[in-house]
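Before any questions on how it binds or moves, here is one chain, the form predicted on its own, in structure tokens.
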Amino acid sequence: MSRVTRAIVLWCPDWPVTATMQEHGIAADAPVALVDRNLVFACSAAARSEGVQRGLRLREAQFRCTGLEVFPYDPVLDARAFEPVLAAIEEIMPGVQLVRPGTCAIRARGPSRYYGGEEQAAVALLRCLGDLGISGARVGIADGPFAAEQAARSTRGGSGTVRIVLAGDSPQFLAPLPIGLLGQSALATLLRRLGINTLGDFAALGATDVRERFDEAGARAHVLAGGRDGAMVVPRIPPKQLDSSASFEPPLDRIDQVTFAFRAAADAFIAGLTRAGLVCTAIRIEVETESGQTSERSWQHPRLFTAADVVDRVRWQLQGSGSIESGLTSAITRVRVEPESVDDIGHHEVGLWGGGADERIHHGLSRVQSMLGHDAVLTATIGGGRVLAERQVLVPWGDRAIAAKAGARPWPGSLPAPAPSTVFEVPRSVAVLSATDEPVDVDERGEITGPIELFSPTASRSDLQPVAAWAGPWPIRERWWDAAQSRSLNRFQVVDASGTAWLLMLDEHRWWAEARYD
């Protein structure tokens, strides 16, 4: 059996909520809920006092607490907000392991010797968080990180924010706890069906029998339940500081002055990435003004950023803040750039004969963009929507095509593949007639008034031609819940006498050509 390590675990309850409240400057006693896929992911103590709890649907949570402030759950914000906490802890207790944002583990041996005991080390840890303005943190100390985390979670706050399980007492401490704490839902469900509801019941089973019945995952859970957690506390490797900044004293009030002064910082930023064997494909630029305002924006690149690209993005961000080329609304005191997405430099090496035509195209488009502005060069992407014209989305060159994600979602009533090759920017008026030379329509029951026999692509009777084949209608209902803005359309596919296929749309008893299959 592996040797068990005494561990200190720090747990910050409701950390996702705490990080969000810090980010938005919300009072600690406000009712706040974080929502993920329309379900409450986490909520504040004030929200829980009103009946809000994890797993509730958003509408039910808002019904229980009418003053509930709702924000989307952002795991990136969790990690970013916890980074200063880890850095502060590492200054007083080196060797911190990040378990998850809001929870970290430390080997107890060193801090207990330095501070004169395990309780004194826990008090120093809580004092460090108090200096950061974080209240309500809990500390547990036990044999192994698993038992130490359960000790921290078993505290009740107030004066009982520290719980120490004496060496060798972890099995007795864990025995009455529920089996669901192992974090394996399928295993916990099966064990409950077998009448095993606590960690002590599970630990009483034979190790060989558990391994044969539940494989390695069950054997690992059996070790945890018995308080024999031999997992080591592995200190994290602090991330390299790859960001770069430039401060201006006195503040600069012209865009050309700021970009010129920032060139050295941009060169240092790219040089630091190169030394680390990395390239940057996304950056975040922060601009601070003399009046205390901060402008933040993320920028994407289709390949990788150079120092000139970084300077260009700084200039575009300043130009897009409502300022003009001759001056800014408020003088700039500091510009900072940090990498948001990096990749190994070996994946972006130039080929033996250069990078090919795509590099020349990118260089030319980036040059035009730097001269005319960020929104001057656009790239066509496919977004979500039911009408084809709505799916054409233009994004600035180099930006991530967020609209493409929406296109991957289900759109009831959208046109299935294959899509037409020619989509008219403005739908063309056409004529569709029956055998009796009357306009074809769709009644309130969604039934066509007569077979389609004649078609004119110009809506002129002189251009009428026989229809070789047709299909439809396929109804589209938009905003059906709003009687004032609801819209009903019907799609048809028609093949004319020349063999050309058309995508037609019947809107308010008028026929339009939406696209053509060339």
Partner chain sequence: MPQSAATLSSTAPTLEQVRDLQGRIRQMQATKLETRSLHTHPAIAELLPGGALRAGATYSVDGSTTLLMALLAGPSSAGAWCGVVGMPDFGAEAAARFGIDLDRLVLIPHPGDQWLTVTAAVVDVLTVVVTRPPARTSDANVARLNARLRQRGATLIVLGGWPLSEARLSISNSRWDGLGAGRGYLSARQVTVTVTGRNTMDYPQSARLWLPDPEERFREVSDQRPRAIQERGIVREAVG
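Residue numbers count along the first chain shown, from 1. Just so it is clear, the model here is predicted, and its values are computed rather than measured. Whichever C-alpha set is largest while still superposing within 1.5 Å between the two forms counts as the rigid core.
This protein has a second form, the form predicted together with the partner chain, left out of what is shown; the following refers to that one.
With the partner left out here, the partner chain still marks one of 377 to 385, 171 to 179, 245 to 253, 83 to 91 in the predicted bound form; by a 4.5 Å heavy atom cut-off that stretch is 377 to 385. Shown alone here, Gly364 lies within 4.5 Å of the partner chain in the predicted bound form, counting heavy atoms only.
With a 4.5 Å cutoff on heavy atoms, Gly292 does not count as touching the partner chain in the predicted bound form; it lies far away. For Ala417, a non-hydrogen atom is located within 4.5 Å of the partner chain in the predicted bound form, even though that partner is not displayed. Taking non-hydrogen atoms only, Ala308 never approaches the partner chain to within 4.5 angstroms in the predicted bound form. Proximity to the partner chain in the predicted bound form holds for none of Ile285, Ser298 and Ser341, with the criterion being a heavy atom within 4.5 Å. When the partner chain is considered in the predicted bound form, only one residue from Ala28, Val70, Ala45, Ala469 comes within 4.5 Å through any heavy atom, namely Ala469.
Taking Asp443, Glu425, Asp131, Glu216 one by one, only a single residue has any non-hydrogen atom within 4.5 Å of the partner chain in the predicted bound form, and it is Glu425. Taking 2 Å as the criterion, Thr381 counts as shifted between this form and the one not shown: its C-alpha moves by at least this amount when the rigid core is aligned.
With the core held fixed, the Cα of Glu390 is displaced between this form and the one not shown by 2 Å or more. Once both forms are fitted on their core, a CA shift of 2 Å or more is seen for Ala419 between this form and the one not shown.
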